[in-house]
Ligand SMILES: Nc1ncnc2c1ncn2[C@@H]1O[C@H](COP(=O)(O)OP(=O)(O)O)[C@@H](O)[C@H]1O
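So this first bit is one chain, no partners, the form predicted on its own, shown in structure tokens.
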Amino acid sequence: MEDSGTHGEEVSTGIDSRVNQVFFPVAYTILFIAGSMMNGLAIIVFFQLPSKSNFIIFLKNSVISDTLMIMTFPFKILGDAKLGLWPLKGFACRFTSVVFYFTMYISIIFLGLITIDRYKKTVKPFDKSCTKNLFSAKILSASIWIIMFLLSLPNMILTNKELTPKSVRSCAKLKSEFGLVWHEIVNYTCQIIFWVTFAIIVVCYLLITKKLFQSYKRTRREQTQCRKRVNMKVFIIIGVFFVSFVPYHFARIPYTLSQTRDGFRCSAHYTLFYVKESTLFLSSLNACLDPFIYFFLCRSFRNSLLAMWKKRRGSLSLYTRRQEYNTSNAETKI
């Protein structure tokens, strides 16, 4: 799953290194801080919510995936900054880069499942059958994690060549011969996962749009405006998906061709490298965008979060009043 070509290293040393060694590390640092706070809060809230629907089960899996992705950011930050920690670069090639892409495609799969669940909820809003299939949703979620882990594990095991300052410049140089073959197999598999999920999300949202439009025509104007305001929230999922994952997978095609085909000029290599890195950052941004899905589409999450906020404000207010009271008593005694 991780990038295995050599052009990334060549480009990063042949063009303005400040972009790759300063801009991206700073951007990922900001993303790491924001993502840690947002997903940490999301985990606290979700731990308090019972898994009473498929939707909540899929959201819980999504927040776990995002949290694991965020934990890989410090290794990418230090590796891109080129602080002389070449053994850390080797560790990233073997483990954290694999985990990064592993969690990315798990997030993509669960966004697809969440979309299907929202489609069912829009088409049959009063259907309670989803609450009867919680066990199936849990089995499906566990199967996704197991399958993706088994697909990713060989990429860790087969990145087994000796670490040297020169070999860590490209993850491909650390892979065995079969490791390169497996890496290619995984890349094709992940491309299939993305494009299948892409098709599912597009079809589901076309059907959701059709359903909402039909509802718009059937309902009176006053009711329609209220209904439209509520139901339009569901489009946040496709918005997050298109912002986070679509640009990267479109940029990935010409970038991969530039790595494996002749005929590309150096300027084209440079451009494609930075387009790929920029769109990869958008994929990482998904870890900060998913919490908006939790808040706007999951009423239980929103109510629990607001309750926590009110309780926190109440505790702070009570603490402030006690401090003021103690200060007043102290002044009276004086």
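Everything numeric in this text was worked out from a predicted model, so none of it was measured. Start at 1 and count along the sequence shown; that's the residue number. Take the two forms, superpose them, and find the largest set of C-alpha atoms that agree within 1.5 Å; that set is the rigid core.
From this point on, the text means the form predicted together with the ligand, which you will not see here.
(message) Tell me which stretch of 198-206, 154-162, 235-243, 106-114 has a heavy atom within 4.5 angstroms of the ligand in the model of the complex.
(response) Stretch with heavy atoms near the partner: 154-162.
(message) Check residue 276 for me: does it contact the ligand in the model of the complex (non-hydrogen atoms, 4.5 angstroms)?
(response) Within the cut-off, so yes.
(request) Using the partner position in the model of the complex, report whether residue 175 sits within 4.5 Å of the ligand, counting heavy atoms only. (result) Yes, residue 175 sits close enough to the ligand in the model of the complex that at least one of its heavy atoms falls within 4.5 Å.
(message) Check residue 252 for me: does it contact the ligand in the model of the complex (non-hydrogen atoms, 4.5 angstroms)?
(response) Flag for residue 252 set to yes.
(message) Residue-level question: is residue 187 within 4.5 Å of the ligand in the model of the complex, judged on heavy atoms?
(response) Heavy-atom contact with the ligand at 4.5 Å: present for residue 187.
(request) Could you spot which one of 119, 194, 101, 75 gets a heavy atom to within 4.5 Å of the ligand in the model of the complex? (result) Here the answer is residue option 101.
(message) Once the core is superposed between this form and the one not shown, does residue 275 show a C-alpha displacement of at least 2 Å?
(response) After core superposition, the displacement of the residue 275 C-alpha between this form and the one not shown reaches the 2 Å mark, so yes.
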